[in-house]
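Okay, so here's just one chain, in structure tokens, the form predicted alone.
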Amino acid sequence: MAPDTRHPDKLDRAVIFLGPPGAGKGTQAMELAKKYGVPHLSTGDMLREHVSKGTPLGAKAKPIMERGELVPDSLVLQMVAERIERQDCSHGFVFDGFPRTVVQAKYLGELLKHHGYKRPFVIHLVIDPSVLMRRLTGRRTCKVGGEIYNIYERPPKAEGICDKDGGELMQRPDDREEVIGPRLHAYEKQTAPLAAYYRRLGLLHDIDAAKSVDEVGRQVLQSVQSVRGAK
């Protein structure tokens, strides 16, 4: 969709969240998407949708996913390109977990430019590793709707039950203490360079993610509002 057909009061750009596991990317991405009424985009959701609908891309990705292997960039990027062309993305969208590498970021930048979007807004959630450990081990996810809680910082009203839909809350296997260390190491090696890349482009906005969920959300919204209307 051409830029001149977009509404000036809308988000009108991609918002990207960067930060280590447990920094709150998923929670803040969903809240920001709700605030602006734009899609919250997850590559995992895209993959599952293509597989369930039996699309050509899904047919290629299914056997790879069934083997427990990472879906190659070529397929992920095709799915991202297809997704942001849909009408519901015309006023912007919020990415959750994408891009993960500088290669993906460069491709996304070209893709956004091709479709006439403004420069992306990149939020970097900064947090101390000791705080991350507490957050990750305390995180619980609803089996039904995917709502995220933390038994220490943001517990549900009833233990083990989602406030929204009554679904059972579960701890993901990779949120257990014995696997968190390798996860953070993997993040630093692969994904952290994205912060340096976007900082060089002048697109990175650091947010202190150690504060409460509500306070982080307030800072995120304030930062996004400060650049709305900018090219």
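Every value quoted in this text rests on a predicted model; they were computed, and no experiment measured them. In case it trips you up, residue 1 is the first one in the sequence shown, and so on. Basically, rigid core = biggest C-alpha set you can superpose within 1.5 Å across the two forms.
There is another form of this protein, the form predicted in complex with a small molecule, and it is not shown here; the text below is about that form.
- Taking E188, D174, E168, D165 one by one, only a single residue has any non-hydrogen atom within 4.5 Å of the small molecule in the predicted complex, and it is D174.
- Put simply, S212 is close to the small molecule in the predicted complex: some heavy atom of it is within 4.5 Å.
- At the 4.5 Å threshold, heavy atoms of A23 reach the small molecule in the predicted complex.
- Interface membership of L57, defined by any non-hydrogen atom within 4.5 Å of the small molecule in the predicted complex, is ruled out.
- Proximity of V38 to the small molecule in the predicted complex falls outside the 4.5 Å heavy atom cutoff.
- Stretch 70-78 is the answer when you ask which of 113-121, 70-78, 156-164, 84-92 has residues with heavy atoms within 4.5 Å of the small molecule in the predicted complex.
- Comparing the forms between the shown form and the other one on their rigid core, the Cα displacement of Q78 reaches 2 Å or more.
- Once the rigid core is used as the reference frame, the Cα position of D45 differs between the shown form and the other one by 2 Å or more.
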